[in-house]
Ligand code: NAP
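Here we start with a single chain on its own, the form predicted alone, put down as structure tokens.
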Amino acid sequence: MSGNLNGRVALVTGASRGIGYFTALELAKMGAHVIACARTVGGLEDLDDAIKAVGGSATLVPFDLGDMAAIDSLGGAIFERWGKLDILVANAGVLGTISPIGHVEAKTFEKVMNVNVTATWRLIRSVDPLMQKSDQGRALLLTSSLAHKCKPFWAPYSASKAAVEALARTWAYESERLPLKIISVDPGATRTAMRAQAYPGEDPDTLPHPHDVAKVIAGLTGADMTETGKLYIVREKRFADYKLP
């Protein structure tokens, strides 16, 4: 799926590296103006340079998704400048720790749920009125197969991604009569810093590069993406039901 995104405004979280970085770059290549959000200013500046190099444009918004007040004010700032939002790629998230569920510290569990779930909900609440103003709104919330597989030792991350999928489905059903389309996207194993943290002994060269995954994700934001309330599995390039793949 692909399309001309000239005149479209796209918001990408976690845009300073990995999948978020390359998705933002792909959207800019397709003509969208990218609002790039992340904690790391240096990474955002590198992204801005890369976007300018391909003739695109971006607005950098450095903030931590743990800052709920900043998320709440983001929608108003976008409205004042553009009056709408056409694309949301909610990519940012944290892994937490991989350990038996009874050994997970409360502060770790709370951080994972706060960044991955609460911040996503606050982001949805902040931009939903703006996306309803778009004639081609597309919202992609990144998830993981762990939301369904629930592998041992991954409780906080699995629970958070299951919750994100529930948010996406509910938002999609509430928006069924609108042009707005909302899906969950499972990028699969990808050569990212989070993947390296989770699997330190894995050879990264055996995994897809984030720019390859980003091309697929960016392609889901065009006019020909008409599904809503569904799960898209990047590695299989198909939509699926919300069940164990």
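Start at 1 with the first residue shown and count on from there. Bear in mind the structure is a predicted one, so any value in this text is a computation, not a measurement.
Although not depicted, the form predicted in complex with this ligand is the subject of the following passage.
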(message) To test your reading of this chain, name the stretch in 171 to 179, 100 to 108, 86 to 94, 127 to 135 whose heavy atoms come within 4.5 Å of this ligand in the model of the complex.
(response) 86 to 94
(request) Decide yes or no: are R17, D64 and A189 jointly within 4.5 Å of this ligand in the model of the complex, with each residue judged by its heavy atoms? (result) yes
(message) Residue-level contact is defined here as any heavy atom of the residue lying within 4.5 Å of this ligand in the model of the complex; does R39 satisfy this criterion?
(response) yes
(message) Is it the case that V216, even though its partner is missing from this view, gets within 4.5 Å of this ligand in the model of the complex, heavy atoms only?
(response) no
(request) Indicate whether this ligand has at least one heavy atom within 4.5 Å of a heavy atom of A193 in the model of the complex. (result) yes
(message) Although the partner isn't part of this model, could you tell me whether A155 comes within 4.5 Å of this ligand in the model of the complex, counting any heavy atom of the residue?
(response) no
(message) If the cut-off is 4.5 angstroms on heavy atoms, which of these, L74, V112, L142, A147, is the one near this ligand in the model of the complex?
(response) L142
(message) Given a 4.5 Å distance limit between heavy atoms, list every residue of 196 to 218 close to this ligand in the model of the complex, or none if there are none.
(response) none
